[in-house]
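Here we start with a single chain on its own, the form predicted alone, put down as structure tokens.
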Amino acid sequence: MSLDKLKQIITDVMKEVDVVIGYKQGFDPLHATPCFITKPEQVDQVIWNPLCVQNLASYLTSLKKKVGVIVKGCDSRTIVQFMQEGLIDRSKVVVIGIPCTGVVSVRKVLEKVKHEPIEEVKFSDDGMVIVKTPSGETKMALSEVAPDKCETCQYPTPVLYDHLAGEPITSTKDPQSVFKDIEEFDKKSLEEKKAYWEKEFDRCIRCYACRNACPMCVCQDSCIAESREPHWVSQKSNLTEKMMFHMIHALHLAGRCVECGECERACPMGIPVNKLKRKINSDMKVLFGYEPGVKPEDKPPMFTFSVEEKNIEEHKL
């Protein structure tokens, strides 16, 4: 993908929108950060590389202006889901799609360099990441430090766009392996599953970063985590309350989670919160043949009602 081509598209799109949301260099060489471009001279700030991990579509429901937004394949599913739920006016959103060959997990990179200060980050054409620290250069394959979501990505090219900054990419990942880890986890006994999640969620500090980063958590002003009417969970930091919050969060995303991985990326404790959402997504695919954020014409299963569901034998429950 040519950065010059992306900048030209942004320049052209700016003529018809109030703001374009893109990426610029962050506070250190390992971080990119969202930027809001409103003037032509700001276009030169724009970057594109595997550090551009944030799901910029998350901003769309809160912006009332006409917006241009840069999206990767997984991010584009957010826009489709927004459309299905009537959360955005599609006529006010210009989607700039970028075919993606993978992004980096900052957490994994820092582990590789033993959390030393980052002085420089470079990317080679053969899929290597070169990170310079005071101790020297460390080379690592992008595939080694990519977030887990990249391992099974089926949509490297955005599923929806108005402009595409690069040639489309077709996924080479086996569609049957998307939920392989979930299927393996399902083989565990109930006691083993319970122990696993209790151990993971006991580390939760209830910062709500997972909820705040989630593009589909659009009811934060009335979230059950802070609501007193009704009062579903307290502010106590014990395992029962932590489990209650995470289970409700996951169920509120049933048939809605687009697997962008923002919840897991934002978690400061490294809890695999996305696994819970993916488990529900795997059930949605089996029961309803539905995959969130892929086809704008689809209706999310939780937005419909049927007396008898074809794949659910209710009388046997």
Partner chain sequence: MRVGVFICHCGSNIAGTVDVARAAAELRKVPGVAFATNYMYTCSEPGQDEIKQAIKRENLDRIVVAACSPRMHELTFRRTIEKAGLNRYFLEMANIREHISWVGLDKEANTIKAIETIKMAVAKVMQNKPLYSSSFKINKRVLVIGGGVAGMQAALDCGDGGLEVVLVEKSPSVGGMMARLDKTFPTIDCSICILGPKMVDVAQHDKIKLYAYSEIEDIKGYVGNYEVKIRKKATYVDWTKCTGCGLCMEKCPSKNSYDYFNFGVAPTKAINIPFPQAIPKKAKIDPDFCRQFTKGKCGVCAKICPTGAINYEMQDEIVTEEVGAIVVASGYGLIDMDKFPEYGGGRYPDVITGIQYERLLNASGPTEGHIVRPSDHTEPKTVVFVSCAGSRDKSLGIPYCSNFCCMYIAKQAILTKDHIPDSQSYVFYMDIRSPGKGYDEFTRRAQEDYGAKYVRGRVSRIYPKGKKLVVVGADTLLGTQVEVEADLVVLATAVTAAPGAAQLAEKLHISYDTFGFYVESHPKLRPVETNTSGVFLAGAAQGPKDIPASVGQGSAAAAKVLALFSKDMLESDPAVAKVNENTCVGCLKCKLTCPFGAIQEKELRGGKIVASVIETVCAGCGVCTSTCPCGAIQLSHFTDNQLLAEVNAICQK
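Numbering follows the first chain given and starts at 1. Basically, rigid core = biggest C-alpha set you can superpose within 1.5 Å across the two forms. Not measured: the values here are computed from a predicted model.
Here the subject shifts to the form predicted in complex with its partner chain, a form of this protein not shown in this document.
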query: From the list 171, 124, 177, 240, which entry has a heavy atom within 4.5 Å of its partner chain in the predicted bound form?
result: 240
- request: Answer with one of 162, 148, 144, 85: the residue that has a non-hydrogen atom within 4.5 Å of its partner chain in the predicted bound form.
  value: 85
- request: Please name which of the stretches 70-78, 227-235, 163-171, 90-98 has residues with heavy atoms lying within 4.5 Å of its partner chain in the predicted bound form.
  value: 227-235
field: Contact test in the predicted bound form: residue 294 vs its partner chain, heavy atoms, 4.5 Å
entry: no
- prompt: Do residue 140 and its partner chain share at least one heavy atom pair within 4.5 Å in the predicted bound form?
  reply: no
query: Is residue 66 close to its partner chain in the predicted bound form, meaning a heavy atom pair under 4.5 Å apart or at it?
result: no
field: Contact of residue 302 with its partner chain in the predicted bound form (heavy atom, 4.5 Å)
entry: yes
- prompt: What residues, if any, in 255-271 have a non-hydrogen atom within 4.5 angstroms of its partner chain in the predicted bound form?
  reply: 256
- prompt: Once everything's superposed on the core, is residue 308 shifted 2 Å or more at the Cα between this form and the one not shown?
  reply: yes
